[in-house]
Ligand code: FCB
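Starting off, we have a lone chain in the form predicted alone, written out as structure tokens.
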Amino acid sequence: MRDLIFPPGFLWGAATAAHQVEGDNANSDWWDWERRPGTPCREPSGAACDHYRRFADDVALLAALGFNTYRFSVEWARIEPAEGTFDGAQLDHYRRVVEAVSAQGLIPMVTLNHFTLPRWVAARGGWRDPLTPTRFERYCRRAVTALGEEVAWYCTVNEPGVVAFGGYLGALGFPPGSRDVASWKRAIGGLVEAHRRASSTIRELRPGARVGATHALQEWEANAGGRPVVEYLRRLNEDVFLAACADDDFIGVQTYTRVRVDAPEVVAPLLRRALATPRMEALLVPWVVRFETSRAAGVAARGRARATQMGYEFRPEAVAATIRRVAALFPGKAIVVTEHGVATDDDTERVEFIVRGLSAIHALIEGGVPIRGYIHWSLLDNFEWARGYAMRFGLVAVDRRTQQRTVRPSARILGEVARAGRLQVPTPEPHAPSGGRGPRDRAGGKVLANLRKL
């Protein structure tokens, strides 16, 4: 075995999102969307994990496991249930959450928007409405003021590329379910402006806090024919948002898998020209999105790649590829892995995902990349949006009938890594394969076996 030593002050945490764990978020667009006939939602969120009432116990559990950071979101739909009406009781509630996190010795990392919108904002067009960034700025001002000076890390918008692509191009079954390029691009502009306004507000109110956004980034692969599609999707799902964050204190990286796009090489020039022509773009892009979504699901279903419950390729090292790209775009800028995790019922797979992912991250740290933390997704099994409750991402299992929490071995393993600031991994065997496509890696199983000996 060999030790991978992480830097002093490294952030070790787990994350949640308000709508996914709190329960009864009835003033949000997602609450309506889950119940609307014809949407792809498998089930409503309901009481979720009842984290709204049980947050103190959940935070105490996270601290007891050995972590030092809790990333969570505050809910705009609760704080401003009607336009211009701010609920003081809800602001007080989230202030108590911050106090509970700090009292346990954890660093609070607050996300101001994690996918959901107040119902009244959605009714006005959501992120397509040019006034939404101004409304978001006003909400952020109230929230940041109420949360107090103990919050040293702020994430303005979670995965803006997913919000725009999933809701306004109809790719992921998110509200409002638009399927046109014009809506998508208006939402992109709204999200970029919202981030800029929120960042400016936080710096004004809390000049000592670190501010950034969190980005859904893929490890992209393509053959010559598929490269125009990859370049196009990466530019509008990732690069436009990264460019807006050039002045941020950190870049939040959230990577779960690798995505490959293949097409006959002969179509590449045609695709490139079509995607650069607005009229053809409007016709082509929705078709590409539907085709790629169904194709990826088919690959997983046919067993051509080891897949997670989400249908993603099991590829924990993908996070290293996206970090390298961010580091090349922003040399010297702090990077935090704000999400990394896997949906699986087999906790040894989760251990393997963590060990392989951290090993890849550590190699980058040794190479001089300024990675400041690793926040696992997620603390609890939760509501996975349109997929419902079937996806098991949690370090802690939740029985939704009784709301009983059960700590998985992966939580104890990652907690011990966090407590020690080091990870023990097997010494690589000479000429051992390094890819992610073959049989299950044995590292996670060895770490789990070693823990059981303690």
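Throughout, we count residues from 1 along the sequence that is shown. Source: prediction; values computed, not measured.
This protein has a second form, the form predicted together with this ligand, left out of what is shown; the following refers to that one.
Asker: Just one of Y232, W153, F115, Y139 has a heavy atom within 4.5 Å of this ligand in the predicted complex. Which one?
Answerer: Partner contact (heavy atom, 4.5 Å) among the options: F115.
Asker: With this ligand left out of view, choose which of W184, W127, Y374, Y256 has a non-hydrogen atom within 4.5 angstroms of it in the predicted complex.
Answerer: That would be Y256.
Asker: Would N158, E339 and W385 all count as contacting this ligand in the predicted complex, using a 4.5 Å heavy atom cut-off?
Answerer: Spot residues vs this ligand: full contact, yes.
Asker: Quick check for you: of 245 to 253, 107 to 115, 130 to 138, 73 to 81, which stretch puts a non-hydrogen atom within 4.5 Å of this ligand in the predicted complex?
Answerer: Only one stretch qualifies here: 107 to 115.
Asker: Using heavy atoms and a 4.5 Å limit, would one call W30 a contact residue for this ligand in the predicted complex?
Answerer: No - in the predicted complex, heavy atoms of W30 and this ligand never come within 4.5 Å of each other.
Asker: Heavy atom to heavy atom, is F55 within 4.5 Å of this ligand in the predicted complex?
Answerer: Contact check for F55: no, nothing within 4.5 Å of this ligand in the predicted complex.
Asker: Can you name the residues of 1 to 38 that have a non-hydrogen atom within 4.5 angstroms of this ligand in the predicted complex?
Answerer: If the 4.5 Å heavy-atom criterion is applied to this ligand in the predicted complex, 1 to 38 yields only Q20.
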